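A lone chain, given as structure tokens: the form predicted on its own.
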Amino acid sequence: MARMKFICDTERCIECNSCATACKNEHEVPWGVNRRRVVTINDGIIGQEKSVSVACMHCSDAPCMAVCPVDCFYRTDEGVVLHNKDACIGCGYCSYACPFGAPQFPSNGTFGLRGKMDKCTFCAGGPEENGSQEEFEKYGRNRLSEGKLPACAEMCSTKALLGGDGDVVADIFRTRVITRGKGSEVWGWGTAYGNKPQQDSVPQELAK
């Protein structure tokens, strides 16, 4: 069984925000909730400025799962970290624990009371029946059940954002680094998955 992972190649990201737009459009994400966003690191520093697409990384040892008092999080056989909105009480512990700022809370009411938590699902839906209207309304479209990859990765114009089988995306990234001779920093990989990709190779048409 494939272990699903994300990698964002900061040498390729051009801050076009097509990933964030694709996510919002695909899942009809409510206003004020950003399952995916593009962040610029070292903004304004010549030669050091990098952009990276950020969302839930579906960690191997997810801190959000560890701190949730109602155990609303669960992991699929493919390693995707999902949650049950019916169980969520909106306490916000997950947002404090997540190193990527993935948990999002829509603000309702005059004093901005927290609603049910929302986050990237790796386009894998939720606990409801695959492809059902109830699943779509709560979690968005379940593309993985349709045999498709996350919309953000598919719509990335420069293929900076890679999503899918962790071994495959790591191989693609490694070969890019070898080919261009720079940009070996794998943003977020060690934090999310606990190790760095090992040396390997993929076909040249995927590497450049």
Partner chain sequence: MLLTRKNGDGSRQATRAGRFAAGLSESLARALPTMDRRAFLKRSGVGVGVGIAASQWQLVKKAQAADKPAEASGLKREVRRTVCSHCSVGCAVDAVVENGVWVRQEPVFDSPINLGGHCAKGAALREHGHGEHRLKYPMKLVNGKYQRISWDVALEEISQRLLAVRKDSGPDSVFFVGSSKHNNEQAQLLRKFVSFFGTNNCDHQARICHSTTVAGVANTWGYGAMTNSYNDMSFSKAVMYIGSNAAEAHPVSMVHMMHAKENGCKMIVVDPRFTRTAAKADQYVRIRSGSDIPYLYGMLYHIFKNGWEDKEYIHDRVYGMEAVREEVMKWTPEKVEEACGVPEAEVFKAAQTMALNKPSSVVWCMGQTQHSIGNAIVRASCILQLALGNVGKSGGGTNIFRGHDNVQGATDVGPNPDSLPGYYGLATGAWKHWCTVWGVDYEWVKGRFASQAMMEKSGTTVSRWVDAVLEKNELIDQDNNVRAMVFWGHAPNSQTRGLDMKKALDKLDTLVVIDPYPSATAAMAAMTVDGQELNPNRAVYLLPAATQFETSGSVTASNRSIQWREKVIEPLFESRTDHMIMYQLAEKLGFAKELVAKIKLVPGKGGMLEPEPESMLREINRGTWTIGYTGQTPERLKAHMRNMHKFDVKTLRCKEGKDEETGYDLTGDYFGLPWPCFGTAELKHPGSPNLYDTSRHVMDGGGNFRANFGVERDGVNLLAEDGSHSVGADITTGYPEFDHVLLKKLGWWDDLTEAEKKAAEGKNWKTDLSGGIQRVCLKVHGVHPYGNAKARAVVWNFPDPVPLHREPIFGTRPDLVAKYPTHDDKKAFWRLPTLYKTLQQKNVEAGLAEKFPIILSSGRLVEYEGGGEETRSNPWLAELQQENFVEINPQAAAARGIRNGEYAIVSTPTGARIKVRALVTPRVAPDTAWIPFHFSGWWQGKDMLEFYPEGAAPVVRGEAVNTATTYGYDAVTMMQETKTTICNIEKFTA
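Treat the numbers as computed from the prediction; the structure is a model and nothing was measured. Positions refer to the first chain, counted from 1.
The form predicted together with the partner chain is left out here; the points below concern that form.
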Heavy atom of E135 within 4.5 Å of the partner chain in the predicted bound form: yes
Non-hydrogen atom contact P106 with the partner chain in the predicted bound form at 4.5 angstroms: no
Partner contacts in the predicted bound form for 124-153 (non-hydrogen atom within 4.5 angstroms of the partner chain): A124, G126, P127, E128, E129, N130, G131, S132, Q133, E134, E135, R141, R143, L144, E146, G147, K148, L149, A153
